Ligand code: NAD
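Given next, in structure tokens, is a single chain: the form predicted on its own.
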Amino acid sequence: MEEKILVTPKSFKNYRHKAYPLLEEKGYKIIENTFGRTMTEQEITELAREGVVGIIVGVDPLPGAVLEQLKDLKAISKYGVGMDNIDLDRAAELGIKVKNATGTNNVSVAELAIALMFAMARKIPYHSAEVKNGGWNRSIGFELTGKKLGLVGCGQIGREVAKRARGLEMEVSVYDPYFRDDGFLSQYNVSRIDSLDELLSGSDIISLHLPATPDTKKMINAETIGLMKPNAILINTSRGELVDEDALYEALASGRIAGAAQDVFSSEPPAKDEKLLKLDNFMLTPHIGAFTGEAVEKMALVSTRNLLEMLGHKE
């Protein structure tokens, strides 16, 4: 039987001329996502039920119920870093190898986090819309210089945000129980805070950089938002599931906190009547954190090489 590779990320095609030959020279037939959107569980199952030995997956769902039906699957290569769309426990039980493309999009996501901070500090979306609508009204903003930035999570992306924020002369603190690199903290003059509550209550801007897990789901909720300063800005470029969106709406609508900017949402795309989108102090971009030419190329090549390695091909 001809062995096949399923490639689901929509942006992968931008660099398939570099990645596909690596697969084809090993004899694999490539099946592409032709739907122009994230694939459903049923679509993945129908395409990969037989003969597919490897999947390069984006945010498309790979729960245990799907993995159990893909009888020839040996390896899953994540096009990106976050693997919450893959049932890792069931994959391990089924003997399916899984690997993500670490270090490929950390700079791009970090730069977007910084961009969202500037956008909220100077109310750029509001001012741009005001001028386009024929107005010239101004709403006062604030400088990032000297402000206290609290990073929840200090992995590869969090570190890149910290470095750039220090370049902007912000005071940077991190909360990350798993962080062990004291050398980084001293090199960039970043402080560690061992209490999430303390970080939230002391920061002007809070930026989330951690995976969605049962422990982190809705970690930003009515209680934790209640700890934040009235002038606080929340930035989320990680996963929508980290934030209780109903609680966030209440906080923003009531002025409990000043604003929030996200690149992610619990359901992507959000419903057209989503109440958060009606607020002037809420900003949402369509999951563009890793969507730069540089990151896409690195993710395509690294995820391809990772898959080949898992399938037993050594460079």
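Only a predicted model underlies this, so the values are computations on that prediction, with no experimental measurement involved. Start at 1 and count along the sequence shown; that's the residue number.
The discussion below concerns the form predicted together with nicotinamide-adenine-dinucleotide (NAD), not included here.
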For this session: Answer yes if any heavy atom of residue 105 is within 4.5 Å of a heavy atom of nicotinamide-adenine-dinucleotide (NAD) in the predicted complex; otherwise answer no.
Result: yes
For this session: May I ask you to check whether residue 150 falls inside a 4.5 Å heavy atom distance of nicotinamide-adenine-dinucleotide (NAD) in the predicted complex?
Result: no
Exercise. Is residue 157 one of the residues lying within 4.5 Å of nicotinamide-adenine-dinucleotide (NAD) in the predicted complex, judged by heavy atom distances?
Worked result: yes
Exercise. So in the predicted complex, does any heavy atom of residue 221 sit within 4.5 Å of nicotinamide-adenine-dinucleotide (NAD)?
Worked result: no
Exercise. Among 264, 248, 70, 47, which has any heavy atom within 4.5 Å of nicotinamide-adenine-dinucleotide (NAD) in the predicted complex?
Worked result: 264
For this session: Note which of 141, 125, 211, 202 lies within 4.5 Å of nicotinamide-adenine-dinucleotide (NAD) in the predicted complex, where distance is taken over heavy atoms; exactly one does.
Result: 211
Exercise. Where, among 91-99, 142-150, 187-195, 173-181, do residues come within 4.5 Å of nicotinamide-adenine-dinucleotide (NAD) in the predicted complex by heavy atom distance?
Worked result: 173-181
For this session: Scan 44-81 and write down, in order along the chain, each residue with a heavy atom lying within 4.5 Å of nicotinamide-adenine-dinucleotide (NAD) in the predicted complex.
Result: 81
